[in-house]
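Here's a solo chain for you in structure tokens, the form predicted alone.
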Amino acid sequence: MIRFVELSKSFGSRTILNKISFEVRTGEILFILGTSGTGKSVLLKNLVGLLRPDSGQIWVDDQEISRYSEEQYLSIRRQIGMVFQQPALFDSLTVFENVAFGLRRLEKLLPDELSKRVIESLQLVHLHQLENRYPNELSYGQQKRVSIARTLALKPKVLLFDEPTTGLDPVTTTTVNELIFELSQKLKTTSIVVSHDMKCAIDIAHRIIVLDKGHIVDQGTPDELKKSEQELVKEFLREVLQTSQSAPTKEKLP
């Protein structure tokens, strides 16, 4: 569904991504792991046109999009929903109005249709009973889920998660992780998750890519990564494997 071909991006003299190539298969959950500053979030921003690559190609459904104009990118952004690291909710709006915000701007829906779409999106993240509350009445984990519902309301085919569990306690981290897995199964979306949390990746990913210093140092299924000889991967795994718990059963991809 998505292919990155020899993608490079620098800021001044600092190379963030150095000829990165990989593909994302339809319907899979792909985790991109790495330490801070390795280009994980930069990769996502190139995909949705918030940044543009210096060289290389980005393919989405057989379209090479890396040189698209801002206007051309609008159709791509309708297909690809991005959940940012911070919830970024409007404090003065209710949960319902926060989720409806993008729909009001981008789609012409009758009031009943809009309400149905919002409630359906909140049901998907198990928050439909809180639609009349304001963000400051919610926990941080609930705010994260509202931001996911806001993205889901536009019915994207691809979901991008930028460090979705940053700042969350272990229990809430597990809840958000399970939600990503659940949405993938229910909606049959393709999910790309940028993270530094190897445990989350092992629990729900179909495949994992590990970035370091602008390069892919290893990639594979969770079971394959557990056997990696790469020192960075071993570092990520060291603590995880000691406390590993049973993961949800993952469907095999075609």
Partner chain sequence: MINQIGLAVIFLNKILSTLFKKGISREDFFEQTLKVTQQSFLTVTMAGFFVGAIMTIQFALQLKEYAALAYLGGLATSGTLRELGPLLIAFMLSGKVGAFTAAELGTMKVTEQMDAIRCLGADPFKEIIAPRFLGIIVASLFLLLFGIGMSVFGGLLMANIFAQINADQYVRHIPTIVKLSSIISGFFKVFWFSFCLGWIATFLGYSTTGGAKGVGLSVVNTAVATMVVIVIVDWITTTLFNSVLSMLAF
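Residue numbers count along the first chain shown, from 1. No experiment lies behind these values; they were computed from the predicted model shown. In this text, rigid core is short for the largest set of C-alphas that superpose within 1.5 Å between two forms.
If you look for the form predicted together with its partner chain, you will not find it shown, but the lines that follow are about it.
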**Request:** Report yes if any heavy atom of Leu50 sits within 4.5 Å of a heavy atom of its partner chain in the model of the complex; otherwise report no.
**Result:** yes
**Message:** Please determine whether Arg150 contacts its partner chain in the model of the complex, using a 4.5 Å cut-off between heavy atoms.
**Reply:** yes
**Request:** Examine Asp62 and determine whether its closest non-hydrogen atom to its partner chain in the model of the complex is within 4.5 angstroms.
**Result:** no
**Asked** Though only this chain appears here, would Lys45 touch its partner chain in the model of the complex if you measure heavy atom gaps against 4.5 Å?
**Response** yes
**Prompt:** Okay, which stretch from 113-121, 174-182, 126-134, 84-92 lines its partner chain in the model of the complex, with non-hydrogen atoms inside 4.5 Å?
**Reply:** 84-92
**Asked** Only one of Leu138, Leu168, Leu159, Leu154 has a non-hydrogen atom within 4.5 angstroms of its partner chain in the model of the complex; which is it?
**Response** Leu154
**Request:** Counting only non-hydrogen atoms and a 4.5 Å cut-off, give the residues of 55-79 close to its partner chain in the model of the complex.
**Result:** Glu70, Glu71, Leu74, Arg77
**Message:** Superposing on the rigid core, I want to see if Asp112 changes position between this form and the one not shown - specifically a Cα shift of 2 Å or more.
**Reply:** no
**Shift of Leu93 between this form and the one not shown at or above 2 Å (CA, core fit)** = yes
